[in-house]
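First structure 1, then structure 2: two forms of the same chain, each alone, as structure tokens.
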Structure 1
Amino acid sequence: MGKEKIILTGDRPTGRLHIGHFVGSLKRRVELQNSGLYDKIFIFIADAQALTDNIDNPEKVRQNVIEVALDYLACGLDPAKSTIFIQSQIPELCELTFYYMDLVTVSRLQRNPTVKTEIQMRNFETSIPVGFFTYPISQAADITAFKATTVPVGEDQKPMLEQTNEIVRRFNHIYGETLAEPEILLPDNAACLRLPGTDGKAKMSKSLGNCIYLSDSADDIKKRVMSMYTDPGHIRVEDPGKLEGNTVFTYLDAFCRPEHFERYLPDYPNLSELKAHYQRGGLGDMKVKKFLNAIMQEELEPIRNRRKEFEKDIPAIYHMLQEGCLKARETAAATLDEVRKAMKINYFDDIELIEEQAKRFASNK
């Protein structure tokens, strides 16, 4: 029997999930879950990690745990096929993080490009919370606790996974083969690697108000699409238009499928013809935006409707999460047992040790 194939992935509960999350990870997760190629799938809500830079706002994190859980279920993640759990409810992860801290130097953490970027983004340069600074170590604990072999993440998380593998190799080198090295699984659609905000800014963020949320109403979606950033030089319909930096076309790259043309824009056989017409001039932004809106509505309506169904029984969602936590904890505890044994800190399980010490002191008499 080959090694088990195990996926681990998750999200920070700092807000409702938006379409950037959907094309970047959620959609792929559902496909992986339903592919039958994996033995186990663990998906977690990283509330403890969210607290590292929201420590003074626990209510925000607490409120968003349920929002993320609803978005997960609405997108098609299925607790019968995937274990969905809350990070903070698995105390074994803290213990693993604590042990792994001995395997990483401060200068190595400082060199991690993801950490560098995140520190600048949050203006933490002068005073970095230790918990935030060490989150690559905490991520290594999350991944290894569940013996994940595959971690589906965006390109920006590559340094995190490299850090995890360094920790795994160092641990195994010192204590013997105990932990598994995970592999990264990147999105297969280039447009999905990082979907820009509707205003053309690099990142979707709640504070910029440039997100389309999975739970948005049809009117909200339309409003966002119609006000989307295009090519500022494309003033009249007959003007040639640029595709680079044109958010509408970036979204079409991410969402558009051939059958959408038959349904909503039969004058064009495919996306490259539509792009070519826009580039040579004679195609207005409005027409392209209406097409994109039709696609977005089709994609998001079933998700929104499923979410409304799940919202009718919130206690059931908490119960589902609690069951997931129990299951996840069982797995993490088994890994922690192996780690403690390898590190020789399993004093009371080690009968041989006790007997050996008894003999040693008996012979000293």
Structure 2
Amino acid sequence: MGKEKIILTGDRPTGRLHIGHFVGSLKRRVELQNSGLYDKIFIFIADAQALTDNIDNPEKVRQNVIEVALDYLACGLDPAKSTIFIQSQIPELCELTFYYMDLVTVSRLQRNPTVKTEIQMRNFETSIPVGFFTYPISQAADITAFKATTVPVGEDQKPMLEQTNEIVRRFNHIYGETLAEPEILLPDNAACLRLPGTDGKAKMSKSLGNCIYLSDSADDIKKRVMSMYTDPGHIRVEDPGKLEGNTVFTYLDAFCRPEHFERYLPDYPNLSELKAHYQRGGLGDMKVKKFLNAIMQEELEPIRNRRKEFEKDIPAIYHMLQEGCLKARETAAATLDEVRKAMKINYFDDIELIEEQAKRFASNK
């Protein structure tokens, strides 16, 4: 029998989920869930991590737990196949984090490029909360507690996976083979690795307000698409346009499929022809945006409708989450037992230790 294949991934409850989450991780998770190729799937809402940079806004985190859970179900995550849980309800994760902290240096944390960018984004330079600074270690605890082998995430999570693997190697080297090294699973489509925000400035991120949310109304989606950043040099229709940094084309790279042309833009056979025309000049932004809007509406409407159905029974969703927490906790507790044993802090169930010491002290008399 081969090694178990286990997926773990999650999202911070700092807002509703957006199309960056969808293409970066969520869509893939649902496909993997339905592929039947995985033995266990754990999906969690990272409320404790969200508190590390929202400590004075617990209500925001609390309210967004249900929003994220609704987005999960709307996208097709199925509690019968995936264990969905809330991070803070698994105290074993804190204990693992505490032990892993000894395996990582301050300078190693300081070199984490994602954390560096996030510190700047949040204007934390002079007052970085220790919990925020150390969240890559807590992420290593999340991943290893479930012995995850596969972590489907966006590119911004690469440094977290590297940090996790370093901790696993160090732990196993010092204490013996205990933890599993996870593999990152990035989107195959380059545009989905780090989908930019509608302003074209940074990655789409709940904290930056440059998002198209999965639950946005048809009108909101249209407004967002129509005001999206393109090529500032492309003023008149006949001007040649640039594709680099042109968010509308990045989104087309992420979402457009051949059948969309048949349905919404039959004058063009495919995306390369559309791009070529834009670069030559003679193709206006408005036409491209209308095409993108049609695609986004088609993609998001079923998700929005399914969400509305789930919104009708909120207590059932909390019940589902509670069940998920119970199940997740069992797994995390089993790993923690192994960790404690490896680290020699399992005093009371180590009968040999007690007997050996009893003998030693007796012979000392």
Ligand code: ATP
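Quick note, the numbers are simply positions in structure 1, starting from 1. Definition used throughout: the rigid core is the maximal C-alpha set that superposes within 1.5 Å between two forms. All values reported here derive from a predicted model rather than from experimental measurement.
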Pick out the form predicted together with adenosine-5'-triphosphate: structure 1 or structure 2. 2
Core overlaid, Glu356 C-alpha shift between the two structures, how many Å? 2.4
